[in-house]
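Just the one chain here, the form predicted alone, laid out as structure tokens.
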Amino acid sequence: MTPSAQSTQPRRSDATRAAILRAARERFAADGYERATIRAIAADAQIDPSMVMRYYGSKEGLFAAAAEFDLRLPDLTSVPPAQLGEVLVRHFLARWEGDETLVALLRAASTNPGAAERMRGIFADQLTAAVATFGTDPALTARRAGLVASQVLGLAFTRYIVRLPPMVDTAPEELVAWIAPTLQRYLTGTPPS
């Protein structure tokens, strides 16, 4: 076979990866992250479990590659500028409380480079786009979004992963009262000189 013919035909590894991802998506959707196993996913894909580990390294790496994540950010153009921080804190608390896939991705991102890259991409793409909609200086949009992400991810990590008692025990309304002013400053405050 010529080199050009080889490059136009799909490799077996591509088909194997696709089968693994398809099986993983179905298994994670059916069983959730915690109950899904590499063995079950491999059986669904009709391959040996070692192949899953070869391509994805761990359950966390597979999950990061397979799962679809949408932050479902609110339309910030309809939010009064003085309420942006509050709206985002409320939104993120609701998302983290109601979606085990985001918590699983955050857990995976703390130890798996592929999952960390996925988390960066999600926040960079989705949050930066949302921050850009309310008229921030384009030169500062990514910085503002990054600062918001640092606060939101820190909250999620301490509340849902580490389960730091003061963070777990604090009612969502109180968390909003504490964190919203910080996000508001990140979103609309005057940048340091």
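What we label the rigid core is the largest C-alpha set whose atoms superpose within 1.5 Å from one form to the other. In this text, residue numbers run from 1 along the sequence as written. Just so it is clear, the structure is predicted and the values come from calculations on it, not from any experiment.
Omitted from view is the form predicted in complex with the DNA, to which the following refers.
Residue 47 is the only one of 167, 147, 47, 65 with a heavy atom lying within 4.5 Å of the DNA in the predicted complex. Only one of the listed residues (158, 126, 58, 141) places a non-hydrogen atom within 4.5 angstroms of the DNA in the predicted complex, and that residue is 58. Among heavy atoms of residue 185, none comes within 4.5 Å of the DNA in the predicted complex. For the chain shown alone, residue 133 is not a contact residue for the DNA in the predicted complex, no non-hydrogen atom being within 4.5 angstroms. Although the partner is absent here, residue 152 lies well away from the DNA in the predicted complex, with no heavy atom inside 4.5 Å.
Proximity of residue 39 to the DNA in the predicted complex: non-hydrogen atoms within 4.5 Å are present. Contact with the DNA in the predicted complex, defined as any heavy atom within 4.5 Å, is confined among 65-73, 158-166, 133-141, 30-38 to 30-38. After superposition on the rigid core, the Cα of residue 125 moves by less than 2 Å between the shown form and the other one. Remark: with the core as the superposition reference, the CA shift of residue 168 between the shown form and the other one stays below 2 Å.
In the predicted complex, the CA atoms of residue 20 and residue 100 sit closer together than in the displayed form, by at least 3 angstroms.
Compared with the form shown here, the Cα atoms of residue 93 and residue 59 sit 3 Å or more farther apart in the predicted complex.
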